[in-house]
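Next up is one chain by itself, shown in structure tokens, the form predicted on its own.
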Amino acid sequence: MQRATMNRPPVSEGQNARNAPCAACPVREQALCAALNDKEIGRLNEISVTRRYSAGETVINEGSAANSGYNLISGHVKLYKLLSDGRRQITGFLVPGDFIGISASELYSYSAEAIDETVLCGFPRTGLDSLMQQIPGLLHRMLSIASDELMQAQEHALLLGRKTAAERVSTFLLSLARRHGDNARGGNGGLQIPLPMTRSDIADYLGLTTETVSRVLSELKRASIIRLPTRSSVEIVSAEALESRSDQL
């Protein structure tokens, strides 16, 4: 599949161009529509479009027109900003239930890329703005999402400015487990969560080297605090011990 570009049409063809079944959405309780009743969900469904992206495909381009917002239904997305010399800085990772595309201006201030096979429910900005004027619960939910984004940005700044490498990695894993909620449950009582991002991407986000991230993960594994069943997953065996290592302020 070709990578998306800034000229990607607002609505994709074929399988991507269909209304999303909002009432049966697996992340309804965590997503934008969490505060809406069935009638209001129906109105939101009328403007929604399901989009699918392959790993590495661009979802949003920094500087392009901010004409849509998206609920992440499945898969994972990384957010990044482009630097003047062409490098990029990863600023966040999204999990199912997260919203992407909030912008106070007419242009997106960041880029977004699918980490794995990803499904998003898209809403045109004009239609969403109109519904927020008519449905107070939708506006309040959007304000709550924006507030959460600000809080996460503040926590990330604290993580980069005050925490050691071990504390950063531990905090990152705990944050992922918290954001995955009830889905972060293993059969043996541990918290098993996907870890589809590369060690390099984790390092970029945490302000560390790839080698340091790998070393800390190995140390946590040797201490029986986590397990690494696969390269793309982690099981938190002892959340209490990991909490202690994170030294959260």
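When you see a residue number, it is the position in the sequence shown, counting from 1. This one's a predicted model, so the numbers in the text were calculated from it and none came from an experiment.
We do not show the form predicted together with another copy of the chain, though everything after this point is about it.
Asker: Of the options Y110, F123, F93, F172, which one has a non-hydrogen atom that comes within 4.5 Å of another copy of the chain in the predicted complex?
Answerer: Only one listed residue qualifies here, and that residue is Y110.
Asker: If contact means a heavy atom within 4.5 Å, which one of 199 to 207, 29 to 37, 53 to 61, 214 to 222 is the stretch that engages another copy of the chain in the predicted complex?
Answerer: Looking at the other structure, the answer is 199 to 207.
Asker: Hey, with another copy of the chain in the predicted complex, do L82, D148 and T164 all fall inside the 4.5 Å heavy atom range?
Answerer: Checked in the predicted complex: all three residues contact another copy of the chain.
Asker: Report yes if any heavy atom of R178 sits within 4.5 Å of a heavy atom of another copy of the chain in the predicted complex; otherwise report no.
Answerer: R178: no contact with another copy of the chain in the predicted complex.
Asker: Although another copy of the chain is absent from this view, report whether E155 comes within 4.5 Å of it in the predicted complex, heavy atoms only.
Answerer: Flag for E155 set to yes.
Asker: So, M142 and another copy of the chain: in the predicted complex, are they within 4.5 Å at any heavy atom pair?
Answerer: Contact check for M142: yes, within 4.5 Å of another copy of the chain in the predicted complex.
Asker: Could you tell me if S74 has a non-hydrogen atom within 4.5 Å of another copy of the chain in the predicted complex?
Answerer: Residue-level check for S74: no, no contact with another copy of the chain.
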